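What follows is a single chain, given as structure tokens, in the form predicted alone.
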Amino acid sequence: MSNTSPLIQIDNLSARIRNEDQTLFPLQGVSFSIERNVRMALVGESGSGKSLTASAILGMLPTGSQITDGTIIMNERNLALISEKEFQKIRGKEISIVFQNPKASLNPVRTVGSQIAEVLRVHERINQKQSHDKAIQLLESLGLPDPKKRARDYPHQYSGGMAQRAALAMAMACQPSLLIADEPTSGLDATLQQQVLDLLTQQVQHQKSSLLLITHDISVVGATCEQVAVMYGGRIMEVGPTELILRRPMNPYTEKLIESFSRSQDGKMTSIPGTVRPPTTELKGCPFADRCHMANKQCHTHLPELAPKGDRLIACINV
């Protein structure tokens, strides 16, 4: 890992959600960093806290949620403490996001080109013609045919793959330092999935940005990201170089997650026994203990810290 300071450093991030019926603890001490000009994946099953971590980085926690502990340091600022007014200057310029459903993130009553142009005018202080011309250039650079016409179209006139390209154009318009892609290939067929992943890689490399790819599908990580952080139960279980972790996982959860995307000799898919427990209580032991084939009594009472182990970080008392 790099000796220079990371682009963003998350330490001991915890959050809770209060609603009428109960209090949930979806993030319980999340720690990892994203280096500059590096593509990192945040992987884990649904409900592990991946998207909420992204929301915390962007200052977009859902109603009823709040950060209760920890820091998110970027450019010497703690994003866990800054105001919404300050975040409005950061979102779209320093940090951008591509959502799972790109059409839902685009305004249905405005043309795609006008939405991209507005991001440019807000953050780059350029006039309407300059921003419109640059919006067309961005659409063209992302492979949309007839970009002048497409800039005048509305989101409903775009296919799923085209909408994802338009959303990426809007996200990358101001050359952010960090692009967050939250399940960007969900609902796309295999060919479109690969196209979107290739585009993400090309764009962040071209602009020398960092990428945080959020996905439950560890099979898409290998060809896209250099680093991977594995998440479960609101905690980070393992962090390190993607190639190394995919080839030789050390945390039992990482091992089972990789196995669940592999086929056995008889061609059947395997699954992890048990289910993800809802985060209704604060953790006393390892979040994976109830489902782990290596768990012992201490695993249920001792919360493992993320600690260096060779060329990776790992949270497990049995490794």
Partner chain sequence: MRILAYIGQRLVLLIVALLGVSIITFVVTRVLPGNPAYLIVGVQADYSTVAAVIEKLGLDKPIPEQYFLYMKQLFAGDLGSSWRTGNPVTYDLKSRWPATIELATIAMLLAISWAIPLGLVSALKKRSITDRLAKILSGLGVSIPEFWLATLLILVFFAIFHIAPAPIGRISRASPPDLITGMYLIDSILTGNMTALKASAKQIILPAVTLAFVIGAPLLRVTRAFMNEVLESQYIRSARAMGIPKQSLIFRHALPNVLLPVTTMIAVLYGYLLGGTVLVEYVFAWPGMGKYAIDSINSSDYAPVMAVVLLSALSYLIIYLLTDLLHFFIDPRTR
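Residue numbers count along the first chain shown, from 1. This is a predicted model, so every value here is computed, not measured.
There is another form of this protein, the form predicted together with its partner chain, and it is not shown here; the text below is about that form.
- Candidate site formed by 42, 277 and 311: none of these residues places a non-hydrogen atom within 4.5 angstroms of its partner chain in the predicted complex.
- Among heavy atoms of residue 97, some come within 4.5 Å of its partner chain in the predicted complex.
- Taking non-hydrogen atoms only, residue 20 approaches its partner chain to within 4.5 angstroms in the predicted complex.
- In the predicted complex, no heavy atom of residue 33 sits within 4.5 Å of its partner chain.
- Mapping the unseen interface onto this chain, residue 65 falls outside it, with no heavy atom inside 4.5 Å of its partner chain in the predicted complex.
- Exactly one listed residue, out of 150, 123, 134, 216, brings a non-hydrogen atom to within 4.5 Å of its partner chain in the predicted complex: 123.
- Scanning 200, 212, 170, 230 against its partner chain in the predicted complex with a 4.5 Å heavy atom cut-off leaves one residue, 170.
- Shown alone, this chain has one stretch from 200-208, 72-80, 153-161, 139-147 that lies within 4.5 Å of its partner chain in the predicted complex by heavy atoms: 153-161.
- Contact annotation for 107-124: residues with any non-hydrogen atom within 4.5 angstroms of its partner chain in the predicted complex are 107, 108, 109, 110, 118, 119, 121, 122, 123, listed in sequence order.
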